[in-house]
Structures are given as C-alpha cells and as structure tokens.
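Listed next as structure tokens is one chain, alone, in the form predicted on its own.
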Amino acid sequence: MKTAKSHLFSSDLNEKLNRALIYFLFFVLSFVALYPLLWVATNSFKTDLQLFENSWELPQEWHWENYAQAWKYGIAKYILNSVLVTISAVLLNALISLMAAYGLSRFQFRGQFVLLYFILGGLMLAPEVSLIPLFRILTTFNLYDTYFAMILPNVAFGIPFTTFLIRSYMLGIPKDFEEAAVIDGAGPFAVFWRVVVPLCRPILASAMLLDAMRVWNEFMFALTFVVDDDIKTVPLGLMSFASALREQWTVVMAGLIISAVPMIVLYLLTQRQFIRGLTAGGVKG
C-alpha cells in the first residue's frame, strides 16, 4: 500500500514539475518574442533625447505626434501596397494549392508521386537562386516594376508548402462526405467547392495566415524587382522611410509599429482557426 501511494505521489510530482517546466519555457519564449516589440512600442512615444538618455524607461510624456508624423511621411502608402500584394498573392496561392492538394489526395493517376515530389521540391529551392531567371522573365513580359513582379514570385514560392499542408489535412478527411454528395447528383466541381473546401477551412486559415506573414515581410523580391516608390511594400518602404528620417528614430519606431499592426490584428482574428488547423493537419501524412 505504501509503495503504491509513494508511486502515485511520485508520478503526480513529476507531472507537476513537467507542467511547471513547460510553463516556464513558454514564459521565456514569450518574453524573448514580445520584448523587442514592447521596447520599440514604448520608445516610439518618446523624443529622440529621451530615447538615448532613458531607452529602458517608460515615457515621461507620451508623444502621439510621432505616429501622426510617420503617417504623414507616407507609411500609409506602403501599407496599402503591402495589403494589395499580400491579399492577391495569398488568395491566388490558396486557390492553386487547394486544387493541387485535392487532385493529389483524391485521385489516382500515373506519375502522381512524381508530380507531388516535383511540387515539394520547390521547398528546397532558395529564392536567391531564382533572382536572375525571374528578372529575365519579368522583363520579357513587361512585368518588371509592377505589382505582378511581387505577386507572382511570392505565389510560386508559396505553393509547395501550402500544397503540402492542405494535402496532409485532406488525407484525414473521410471520403464518405464526397461520396454522399456524388450520390445526390453533385459533379466534381460541386463536390470540391461545396464539400471539400468548407471542410478545409481550419487548415486554409492556418495556411493563409502563414503565407500572409511571409508575403507581408518579404523584402528580396521587392528590392530586386521594384524601383517605383509608389508601389513599394512595407519592408522596402521602411528602408526608404528610415533613410529619410535618419535623425528621427522615434518616428521611425512609430512607423515600425504601424506596419506591424495589420499582421497582429489578422492573427488575433484568426488564431482559433490557425491553431485548430495546425493541430489537426500537421500530424497527418
């Protein structure tokens, strides 16, 4: 009896210690991730003198005019460009990846796995390797220095991972739903659009959010394929923004916070679907 009680007490203690360790690690990782953002946010309300004298303290006086000045200098233009590029690239990537994942998970045809490995091979291709070929293609089709010069490369490099993620989720969806729809007289397109797509909403939310963050923060394609300041996105625009305000660092920090707000809001709105999609589809093969 004493041995059973001591064993039970030991297992409960180990469980509590493991849980405490997990919470501690989560706290450390959260602090490491959030502290730089909080530091930039608090210093964006200071003057430059306060920034250099007391960069680790809270503002003595909150200077909201830094945000108004950052907005006035054109940060809004870069945000609108990023919104246009991100929405276009994410929607196009999701549509193509959905159709590819559906075909690769539901139909049997010759060369199926060759096509799958060909698509997934894009994950091993570094974007830097493709800059010269992409530059030649874009100039040949007169797409250089346009929105398409940023949208199309981002779609191409987003398809492999998004297809892999959605296909893994689709493999766990029973085919009974689709067979019932076929019995009711639904065609292939109706089955795909009215049955499969609604069932894939959680993984779609996860894939689109991950892709949106990738496209929103993309810098290399924008730097290489865009010259016109009127169509620059946030990462490239912030570089020009910082150069123009070289001596007004608090205004630059205000611009950084403004540019981060859309992605933070998007994650807060879709976090439930995001977590559900990753936990449901990330463990399926």
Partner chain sequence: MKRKFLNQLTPYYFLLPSLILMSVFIYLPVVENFYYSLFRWSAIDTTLNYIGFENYTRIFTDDLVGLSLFNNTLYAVISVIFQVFIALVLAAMLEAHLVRPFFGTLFRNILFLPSVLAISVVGVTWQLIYRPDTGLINQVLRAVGLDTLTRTWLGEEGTAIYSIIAVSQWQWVGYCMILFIVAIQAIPEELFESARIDGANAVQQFFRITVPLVRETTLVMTTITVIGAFKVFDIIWVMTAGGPNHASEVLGNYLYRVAFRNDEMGYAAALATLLFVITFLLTFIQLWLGRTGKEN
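The term rigid core refers to the maximal set of C-alpha atoms that superpose within 1.5 Å between the two forms. Computed from a prediction, not measured in an experiment: that's the story for all the values here. Positions refer to the first chain, counted from 1.
One more form of this protein should be noted, the form predicted together with its partner chain, which is absent from this view; the next part is about it.
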Scan F177, W71, F118, Y147 and let me know which has any heavy atom within 4.5 Å of its partner chain in the predicted bound form. F118
Sort through A100, I79, A205, A94 and report the residue having a heavy atom within 4.5 Å of its partner chain in the predicted bound form. A100
Just to confirm, W62 within 4.5 Å of its partner chain in the predicted bound form by heavy atoms? no
With the partner left out of view, is L269 within 4.5 angstroms of its partner chain in the predicted bound form by any non-hydrogen atom? no
L238 within 4.5 Å of its partner chain in the predicted bound form, heavy atoms: yes
Can you check whether G122 is within 4.5 Å of its partner chain in the predicted bound form, heavy atom basis? yes
Would all three of T42, P198 and I231 be in contact with its partner chain in the predicted bound form, where contact means some heavy atom lies within 4.5 Å? no
Hey, which residues along 206-235 are within 4.5 angstroms of its partner chain in the predicted bound form, non-hydrogen atoms only? M213, N217, F219, M220, L223, T224, V234, P235
Using a rigid core superposition, assess whether N217 undergoes a CA shift of 2 Å or more between this form and the one not shown. no
Is V227 one of the residues whose C-alpha moves 2 Å or more between this form and the one not shown after the core fit? no
Does L236 move appreciably between this form and the one not shown, meaning a CA displacement of 2 Å or more on the superposed rigid core? no
